[in-house]
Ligand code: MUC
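For reference, the chain that follows is the form predicted alone, supplied as structure tokens.
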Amino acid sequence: MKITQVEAIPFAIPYRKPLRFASGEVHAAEHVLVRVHTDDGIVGVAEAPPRPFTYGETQAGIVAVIDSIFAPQLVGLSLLERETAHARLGRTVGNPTAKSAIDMAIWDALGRGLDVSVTELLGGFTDRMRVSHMLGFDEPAAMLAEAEKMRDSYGITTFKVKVGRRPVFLDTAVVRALREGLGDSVELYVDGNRGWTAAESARAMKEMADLDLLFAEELCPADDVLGRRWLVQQLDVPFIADESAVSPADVTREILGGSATAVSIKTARTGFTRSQRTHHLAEGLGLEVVMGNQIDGQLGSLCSVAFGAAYSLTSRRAGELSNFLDMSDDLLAEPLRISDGELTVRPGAGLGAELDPDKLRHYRQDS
């Protein structure tokens, strides 16, 4: 089970509509398919979603760093030498989604070789997760209509609402419309993508104090150290560190510094290996954990549910697993299906992902 090749294939699939939030917007899933080949014919797969406004990566940059730096460092390693692979990838700073896609493709290949699922390799707690759907910026009526569609069509009853616009009333009005329109039976939480100041965040949370919010996420920048601590101290809901806590060290700093009280794990940026470390740290600290989404396609969402279902802590809350519904198509031969508000782990070895070669040929950008 030795690695013989690491491929990075750029592809682009349009979204049904632009996805807008405080830190940017995207019109197409310009991602990178990563394939890890072994000497016994096994191929592990994963996808890297570049987010230049969050991590500084671009599609071209991911392809370049994998082809020129990461692939040569990994060829010849056994799939069982995951810590060695992790250490070699760590020699290069940054590039979180490129590293994570390679890591997950290695785990997928290992599962295929051992004929067990990745979820079983990681922990095997359950085979499914409840789904949370992200609602991007729009008018209150449009966002309510989208939430109702997701509830009625897929059984989704947890919604992450993007906020962070000015004046704050633009977003507090949306959340109020959602609560009034959807009733008390749904779960709502807000994500600011660092769009507000600490003072604006505090004002917004006071305006929404009667709306029974589940969490607040990244309302203001972590670089505003004192302001964020001041904000977190006065909140009566867990404050999730997301893009401010990419590594276990970041999580430790944010939590012990009083700048967050919960954490988001996104396999797209920490793979399975670093996500394990973050999970174990959060479990030891007694933190709430949410499985986040990097606006992943179906392959990325499959990675998220595979990890989230592996542990009690990560499967306790609804995971952000539905962004692929905003894409006009995907690479999987058999599309993912959300039913009764849940997404299940694919049966079979590894991630259980099989790609449609015709779709890959159509959407790839390098040929």
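Numbers follow the displayed sequence, beginning with 1. Note that the structure is a prediction, hence the values are computed from the model and not measured.
Only in words, not in the display: the form predicted in complex with the named molecule, which the text now covers.
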| query | finding |
| --- | --- |
| Pocket accessibility when the named molecule, as posed in the model of the complex, is superimposed onto this form, judged at 2.4 Å from backbone or C-beta | open |
| The single option of Q294, T278, T158, S259 touching the named molecule in the model of the complex, heavy atom within 4.5 Å | Q294 |
| One residue of D103, E254, D171, D242 in contact with the named molecule, assessed in the model of the complex (non-hydrogen atom, 4.5 angstroms) | D242 |
| The named molecule contact at T54 in the model of the complex, heavy atom, 4.5 Å | yes |
| Contact of T126 with the named molecule in the model of the complex (heavy atom, 4.5 Å) | no |
| Close approach of F21 to the named molecule in the model of the complex, 4.5 Å, heavy atom | yes |
| Any non-hydrogen atom of R228 within 4.5 angstroms of the named molecule in the model of the complex | no |
| Stretch in contact in the model of the complex with the named molecule, which is absent here, among 68 to 76, 83 to 91, 205 to 213, 190 to 198 (heavy atoms within 4.5 Å) | 190 to 198 |
| In the model of the complex: members of 204 to 239 within 4.5 Å of the named molecule, any heavy atom | E217 |
